[in-house]
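What follows is one chain in structure tokens, specifically the form predicted alone.
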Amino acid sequence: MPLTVAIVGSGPSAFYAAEALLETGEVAVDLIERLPTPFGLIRGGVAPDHQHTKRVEKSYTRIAQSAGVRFLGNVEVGRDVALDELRAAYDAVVLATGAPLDRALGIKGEDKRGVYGSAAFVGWYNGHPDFAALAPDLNTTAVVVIGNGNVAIDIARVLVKTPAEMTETDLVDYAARAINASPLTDVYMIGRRGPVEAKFTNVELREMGKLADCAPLVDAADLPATVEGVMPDRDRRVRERNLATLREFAAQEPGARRKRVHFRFFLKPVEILGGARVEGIRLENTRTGGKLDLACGAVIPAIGYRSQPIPGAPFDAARALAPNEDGRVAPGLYAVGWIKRGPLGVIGSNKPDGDIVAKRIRAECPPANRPGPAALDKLLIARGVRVVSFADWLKIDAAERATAAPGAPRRKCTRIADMLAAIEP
């Protein structure tokens, strides 16, 4: 008899877990996703101008179409089916829900209009149904992005690229209109530590020097002569490349380019300024203690994500993850990806989690002749849930591609109702 496993979520960590389970022997895997669309952050988090990164969808599609694997979209655990019901029906349940929420800044004024967390802002320009109605006010000449990681640099880049540079992307229409109509000229990227500690990859950083109408600005006084400290060789190489790129930026003249991205280091936010809405931000120099006020009309913290509780599952609120021992949360209940270890690493970092959990499930959860998929199907039919299969998703995918603007890969559906309508004959 096959091992039956329900995976809650359908992002990278879910697909890597499913792939690893397939390699262990006969198995029936159900990927349960609350949205009608699969792929998690690949669809809703990867920058729209990084289509090369999204090519991993082809691999996930192959996994989804493997014998023994099903995708059940538009099914929310805690709303349509309880976690306890899944645990009773399947030999094992794997939590792969990621970290969809923003970490708070924890400073005065962050509740003002014009402060948008990076998860919300990225979800907005990527057409995620949860954030499609965000409608950020971009009627400003200056935006402050807090953070020195890849998410921060993605946001800055999307804000300053020209319409021509975004032609071959899946930036959603409403975001393109808002960004193109904005009088924005200056984006400030703020990091509390120095350039050596910045977390962006060199590939992403170098992109900022190749933009058509935007100059990267760096104060040479912020750049150390060498990379100091003890660290793995790989980390040292990355930091040395970043430092070399920042030196190139510092030596450049902005020329006639209309927009600027300012890389500012050794500054931490202490207060968002203004009345009901953002008018500026107060920063403190982490080396001297001096204060600096920057005028701006929007602040986008990109300081990390956090997971949210799953009804019926243990949750460590302080660490914002499911407490686990090497992926095992409780008997028959496991976790992979960011819900397991926090929002760390890149897409491929999730693969080892899947390998570990698959081996643990095989060792700890022998097939017990549980009804698995049949039991879930019966529950969802009785509750009138419109389940979206992977074949249904391919119809949504085809509809998005068919309506794409010239050069663009797709025109995304951003409302669940429109996604479901695309499935119907």
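A residue's number is simply how far along the shown sequence it sits, counting from 1. Source: prediction; values computed, not measured.
Missing here is the form predicted in complex with a small molecule; even so, the following discussion is about that form.
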Checklist entry - Non-hydrogen atoms within 4.5 angstroms of the small molecule in the predicted bound form: do 105, 192 and 346 all have one? => result yes
Next on the checklist: in the predicted bound form, is there a heavy atom of the small molecule that lies within 4.5 Å of any heavy atom of residue 50, even though the partner is absent here?
Outcome noted: yes
Checklist entry - Taking the shortest heavy atom distance, is residue 71 within 4.5 Å of the small molecule in the predicted bound form? => result no
Item to check | Distance check, residue 274 to the small molecule in the predicted bound form, heavy atom within 4.5 Å | outcome: no
Checklist entry - Taking heavy atoms only, is residue 146 within 4.5 angstroms of the small molecule in the predicted bound form? => result yes
Checklist outcome for this item: Testing 298 to 306, 165 to 173, 255 to 263, 316 to 324 against the small molecule in the predicted bound form with a 4.5 Å heavy atom criterion leaves exactly one stretch, namely 298 to 306
Checklist entry - in the predicted bound form, which of the listed residues (285, 150, 141, 180) lies with a heavy atom within 4.5 Å of the small molecule? => result 150
Item to check | Contact residue in the predicted bound form, from 117, 332, 136, 269 (heavy atom within 4.5 Å of the small molecule) | outcome: 269
